[in-house]
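Presented below, as structure tokens, is a lone chain in the form predicted alone.
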Amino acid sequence: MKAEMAAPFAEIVQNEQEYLTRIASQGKRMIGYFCTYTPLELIHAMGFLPVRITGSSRRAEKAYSLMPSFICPYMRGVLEKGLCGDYGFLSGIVQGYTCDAACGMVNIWEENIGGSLFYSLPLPYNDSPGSREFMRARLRDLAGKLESLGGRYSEEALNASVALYENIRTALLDLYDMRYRGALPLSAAAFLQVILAGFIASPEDYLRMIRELMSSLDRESDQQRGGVPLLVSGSIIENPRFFEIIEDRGGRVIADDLCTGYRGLQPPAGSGVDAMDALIDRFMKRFPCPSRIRAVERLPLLLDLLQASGARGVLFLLQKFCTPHLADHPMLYREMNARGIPSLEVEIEESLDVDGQFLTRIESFLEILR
């Protein structure tokens, strides 16, 4: 694998604090967010850098004084970093209403860490003219809040931001297509670093980096990779070590249904009479998270991913206590099993120490698929 191709992306991920502190020192204001159901285009168009708040591999200590132990490792890590001062440069947080833990974190952050803006964006569950009008009103309200921080709204700026993020998502989906064909010379761990860097870097810099990566890939000959092709489904994966273990033991992550992956990219943009319409249209049509749709409605989408990618099995890599995903799993497992599609559920802690049970279960699953 051409690991050096992903090195610029890995450097941003590994030096997140230094990178963002440098941007803040240049006078750039930043708005934090937890999940991809956040209107990044609007935040960016109004002069702010949207930054996804990442979890932490350090042991949570301060976080336990403010949240119960049965909250997912990602949210525990997020709060731990916030309480330790890692995100003191943020002007505030905007969160699209998804899981209860993420939405509750907005309130905890406001009361214990501080900032100037804390906004939970209610999202319609159904697509209808009324739902779209409701969302337009809420986005206008958010724009007003951002204006109170010095942001400026214009249709031209929003058009430009919508086009910028569409270009980013389209380019990343092209890389996904290469991975389906076995033509992407990046390991799953390296590709994850490419994705994660986009949550930190400015979109202008990130698009340039992706285009440079794709230019270098164009000069590489296609080489079909070995290994058992897998679809990995779950929420947030920030530790590349999980993917390294899978591929070191003979698996090949060929597709994903992850918040830190395909789920936040499809479709790359929406359509409408203006930029706000296009933004709303994309939200209504995007690849759904379990917190936004029933499992029976997500099943056909996963089956389509399996067919498009050629994956031979599904690895449900779920964070502990992630209620939306864990609630979906029994139905998805039953339906996969009825269709003869092997699957394995593994609950993980987001830490750098991957336990032996994970290794053993992955090895056994891959042996069954062989």
Partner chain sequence: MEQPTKSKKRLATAKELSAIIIEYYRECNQARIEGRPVGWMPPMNGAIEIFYAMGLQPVFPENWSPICAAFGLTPENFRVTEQMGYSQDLCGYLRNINGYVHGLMKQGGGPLGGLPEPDIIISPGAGCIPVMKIFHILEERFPDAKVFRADLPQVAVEDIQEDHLRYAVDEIRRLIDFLAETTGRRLDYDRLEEVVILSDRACELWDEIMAFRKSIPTPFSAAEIGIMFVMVTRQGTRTAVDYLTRVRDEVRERSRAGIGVIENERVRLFWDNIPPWFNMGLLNYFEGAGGVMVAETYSAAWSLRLNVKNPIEALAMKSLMSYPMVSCVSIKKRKEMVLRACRDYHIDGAILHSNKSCHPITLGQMDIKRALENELGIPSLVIDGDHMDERNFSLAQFQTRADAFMEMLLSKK
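Numbering follows the first chain given and starts at 1. Note that the structure is a prediction, hence the values are computed from the model and not measured.
Unshown form predicted in complex with the partner chain; subsequent notes refer to it.
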Candidate spot T21, Y206 and L359, all three in 4.5 Å heavy atom range of the partner chain in the predicted complex? no
Under a 4.5 angstroms heavy atom criterion, identify the one residue in E110, D248, D281, D274 near the partner chain in the predicted complex. E110
May I ask you to choose, among G104, P268, G227, P288, the residue with a heavy atom within 4.5 Å of the partner chain in the predicted complex? G104
For the partner chain in the predicted complex, the stretch among 47 to 55, 304 to 312, 326 to 334, 34 to 42 with residues bearing a heavy atom within 4.5 Å is 326 to 334
Can you work out whether F199 and the partner chain are in contact in the predicted complex, taking contact to mean some heavy atom pair no more than 4.5 Å apart? no
Within 4.5 Å, heavy atoms only: does L231 come near the partner chain in the predicted complex? no
How about E11 - does it come within 4.5 Å of the partner chain in the predicted complex, if we only consider non-hydrogen atoms? no
May I ask you to state whether N126 is within 4.5 Å of the partner chain in the predicted complex, using heavy atom distances? yes
